[in-house]
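Taking the form predicted alone, here's one chain by itself in structure tokens.
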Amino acid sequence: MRADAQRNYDRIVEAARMAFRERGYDTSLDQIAKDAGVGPGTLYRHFATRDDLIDAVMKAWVDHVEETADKALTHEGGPREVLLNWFEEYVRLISVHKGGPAKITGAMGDDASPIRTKCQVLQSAGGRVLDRLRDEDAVRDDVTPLQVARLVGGIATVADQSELDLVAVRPMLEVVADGLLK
């Protein structure tokens, strides 16, 4: 990519990151182009669809997911506390952008979704936490990472849409945790 094209790409991604955080994923792409200081044609040359732009914005986020799962695996406490800690971190991870929880949770398990790779990273991270708890015989064997991602993502979606904070969300996460533990 030429240097000027790379600069435009980077400016568009950063403008989109800010717009999604402040106004949600439905922000006008024309407004994002304007915020980036480029024309709509430049934006569409780099990103044919809104989902392509969302995918680009989420790339740095993937590394953060892995780091967060690593921390969850070293969390001190019993199985319930480990699980609740992961759930709270999961809610934070998918709630970075307004509308993020619904977008991500809705794409879970959808192989045609442009953000499927990001969803797979989340499921894999959650799977690592579940595997640790299974090794301790602390969590039900019939629960899949996809099911857990959808349950916790549903709670995060409600919180995002009703502007609940993590304190108000925790009792709902506790209900899910208690249902998963043996």
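For every residue, the number given is its place in the sequence shown, counted from 1. Here the structure is a predicted model, which means the values were calculated and not measured.
Keep in mind that the form predicted together with the DNA is not shown, yet the notes after this line are about it.
**Q** Partner absent here, but in the model of the complex, which of 44-52, 111-119, 61-69, 135-143 has residues with a heavy atom within 4.5 Å of the DNA?
**A** Correct option: 44-52.
**Q** Asp131 near the DNA in the model of the complex, any heavy atom under 4.5 Å?
**A** No.
**Q** Does the DNA get within 4.5 angstroms of any non-hydrogen atom of Thr27 in the model of the complex?
**A** Yes - in the model of the complex, heavy atoms of Thr27 and the DNA come within 4.5 Å of each other.
**Q** Considering only heavy atoms, tell me if Ala5 and the DNA come within 4.5 Å of each other in the model of the complex.
**A** Output for Ala5 is yes: heavy atoms within 4.5 Å of the DNA.
**Q** Find out whether any non-hydrogen atom of Val38 is located within 4.5 angstroms of the DNA in the model of the complex, and reply yes or no.
**A** Yes, Val38 sits close enough to the DNA in the model of the complex that at least one of its heavy atoms falls within 4.5 Å.
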